[in-house]
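Have a look below at one chain only, the form predicted on its own, in C-alpha cells format.
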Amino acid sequence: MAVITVKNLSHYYQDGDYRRYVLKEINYSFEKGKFYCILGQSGSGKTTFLSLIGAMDSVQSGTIEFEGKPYQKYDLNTIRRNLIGMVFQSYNLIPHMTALENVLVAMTITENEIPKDKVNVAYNLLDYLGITKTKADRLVTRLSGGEQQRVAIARALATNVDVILADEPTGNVDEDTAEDIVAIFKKLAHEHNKCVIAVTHSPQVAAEADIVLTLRKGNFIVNE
C-alpha cells in the first residue's frame, strides 16, 4: 500500500512574467519497506520535491497524499511532527544539547504515542544506530560528522514515523561512514518497514537503493 502519493504535482518559480517549472505533473507512489533514491542535476528540482513531500513548502498545483489523505487537509506542522521524519545534510541538530537531548526534543513535540520511559528508549535508539551511552551524553558538537548524522537519523525515528526523508545524507561524511549510513537506511526499510526517500548526487548511494528516480525536465525517470 502506498504511504505517500503525488498526483499531477507541479511547482514553479516566478521570474517576472515568466514561470520556470521545476516539477511538472509528477505522478508517483512511494511504499513502505522500500529505499528510494532521487537523482538529478543541480537545479533539477530534487530538493524542491523533498521539501514538498516533507511539508516544508506548500503545494502549488496537484496533490500529495499520506495514506490517501491529501496534505491540504492537514496542518503542515502536524505532518512534520507526526507523519514524516527528516534528515538533513547539515544535520540541523541543536548545538548546545547532547545527542540524547536532541532525540528527546523530537519525542516531546510529537503527538504520536511514545513510551513513557523516553530516556531509555532514546538511549536504546541511539545505541542501535551506533551511538554509545557515553557519546549520547556528549554535546553534539563534540561528535564526528558521521556520529552527528546518526543522531539526526535517531531524532527522525524517535517520533515513531513510517516515512524518513533524507536530503544529501552522505554529503558531509567520508566514504566508509557513507556506506554505514546507507546500510542503516536499507535496514530501516527492509527490516522495520519504513519508507526511506533520499535525495543524493552520489551514484554509489543510488546503487544501493531499491528504486532510483531520476528527475529530468520536471518529471521522474524510473529505474527499478
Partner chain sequence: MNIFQRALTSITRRKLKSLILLLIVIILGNIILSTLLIVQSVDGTRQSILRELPPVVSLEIDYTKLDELYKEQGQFDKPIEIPWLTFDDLDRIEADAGSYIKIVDYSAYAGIETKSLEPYTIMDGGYVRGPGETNYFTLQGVSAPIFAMLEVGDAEIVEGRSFTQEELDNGSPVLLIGEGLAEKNNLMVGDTVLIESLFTDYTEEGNQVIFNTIELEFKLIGILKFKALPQSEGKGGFSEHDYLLEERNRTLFTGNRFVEKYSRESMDVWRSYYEEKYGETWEDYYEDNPLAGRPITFILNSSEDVSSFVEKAQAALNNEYYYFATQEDNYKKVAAPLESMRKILTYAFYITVGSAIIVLTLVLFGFMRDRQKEIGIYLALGEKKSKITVQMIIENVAVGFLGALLALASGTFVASYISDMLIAAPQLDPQQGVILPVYPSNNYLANFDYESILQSYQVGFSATAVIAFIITILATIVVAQLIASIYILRSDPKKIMM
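Numbering follows the first chain given and starts at 1. Just so you know, these numbers come straight off a predicted model, no measurement behind them.
There is another form of the same protein, the form predicted in complex with the partner chain; it is not shown, and what comes next is about it.
For the three marked residues, 13, 56 and 167, a heavy atom of each sits within 4.5 Å of the partner chain in the model of the complex. With the partner removed from view, the residue among 77, 134, 72, 120 that has a non-hydrogen atom within 4.5 Å of the partner chain in the model of the complex turns out to be 77. With the partner omitted from this view, the residue of 124, 92, 112, 144 that lies near the partner chain in the model of the complex is 92 [heavy atom within 4.5 Å]. Although the partner is absent from this view, residue 47 contacts the partner chain in the model of the complex, with a non-hydrogen atom inside 4.5 angstroms. At the 4.5 Å threshold, heavy atoms of residue 129 stay clear of the partner chain in the model of the complex, well away from it. In the model of the complex, the partner chain stays beyond 4.5 Å of every heavy atom belonging to residue 116.
Along 69 to 101, a non-hydrogen atom within 4.5 Å of the partner chain in the model of the complex is carried by 77, 80, 81, 86, 88, 90, 92, 93, 94, 96, 97, 98, 101, in order along the sequence.
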